[in-house]
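A single chain, nothing else alongside it, follows as structure tokens in the form predicted alone.
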């Protein structure tokens, strides 16, 4: 795929991308020597609506962005994987491709590549290693810790590169699902939304994904949903970073899984919160305590350790079961309504659903922060802005808003200024296009 196909026909934009690619290629040559390479790029994503529903087999509506990570690779004749990074903060690393790869220290950047590599060896028989240069630098890289899926993009990039250097041809849905499980390597018990968005998205469209595989086929229903061209997607990074490998994310997973286990006592057919679709809230709410400790669960025959299957958890935690269930079941309904609103061109209805999603994420799932709330308030003060809400895992990161094209300049100027006055922190606002999924760009040879 050509650069102009990926990033658009704006000559200035394309020229900047050419410079970016040339700089990354030069860094690869410095690290590993000259010669032919393959270049892959994998986008970040922003989620319009459908937060924390994917690991309950629910519905999501992400958008792949034109911010991406570059993954420059050269095949090796052995199974060694050597990693370098364009950013000095991430030191070089190497390991051997196998179906049992030892992790680096907790939080190390190479663990996302290790997880993908182990998955490719275990599930798809990859044996050939590679030399790799990763480049996720600003302004075209994916901001880290901002809820835009930089970690999943790195995982997917490693998988796509290994697929190519090993001469494999893997169905994109199969690869996306496998990459979701590959991230369990780092201890996070997430879902599959980020990986599907990275691999299956189409330019100018959001990606509707039903996270429950179809019975019998194992396939997932996806749908490209056109976005209103008169609105830009503007993401604002609060500058407050989160880490998905911390216990906060896994605590929410534990709360959701505990809710399922409790509801099963009356509705044994329920295997995820998705199964509550169509069942009146009143018929099971009494099974869901506002708060439940691991000891309380154990007295009911429910093991939290078994539910988490090895995921990282804090030493002690009280689980907020009812509110978490209320969010997930309500969010699934909002996603379906949002797809319908987009199909009808009803931006006002979409905006209302996005605002409701933000309120639920704040009040029921407790993943907002004062900084995110400040950004949402400031965004809503700009005339014409629709549906400002937090996006991503939460506890920091970004908000997303639909901004009339005619108001973009005002938005990106006033919102960061107001945020700095209110919080003392700097926010970065950037206008995004709904981009392509992961792609191999071309072959390069440097002398």
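What you see is a predicted model, and the numbers here were worked out from it, not measured in a lab. Numbering follows the first chain given and starts at 1.
What follows is about the form predicted together with a small molecule, which we do not show.
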Self-check item: Partner-facing stretch of 32-40, 45-53, 417-425, 66-74, counted where any non-hydrogen atom is within 4.5 angstroms of the small molecule in the model of the complex
Solution: 45-53
Practice problem: Although the small molecule is absent from this view, report whether residue 190 comes within 4.5 Å of it in the model of the complex, heavy atoms only. | Solution: yes
Quiz item: How about residue 258: is it within 4.5 Å of the small molecule in the model of the complex, going by heavy atoms?
Solution: no
Quiz prompt | Contact flag, residue 117 vs the small molecule in the model of the complex, heavy atom cut 4.5 Å | solution = no
Quiz prompt | residue 148: touches the small molecule in the model of the complex, heavy atom cutoff 4.5 angstroms | solution = yes
Quiz item: Pick from 208, 249, 140, 109: which residue has any heavy atom within 4.5 angstroms of the small molecule in the model of the complex?
Solution: 249
Quiz item: Considering 387, 392, 58, 62, which brings a non-hydrogen atom within 4.5 Å of the small molecule in the model of the complex?
Solution: 392
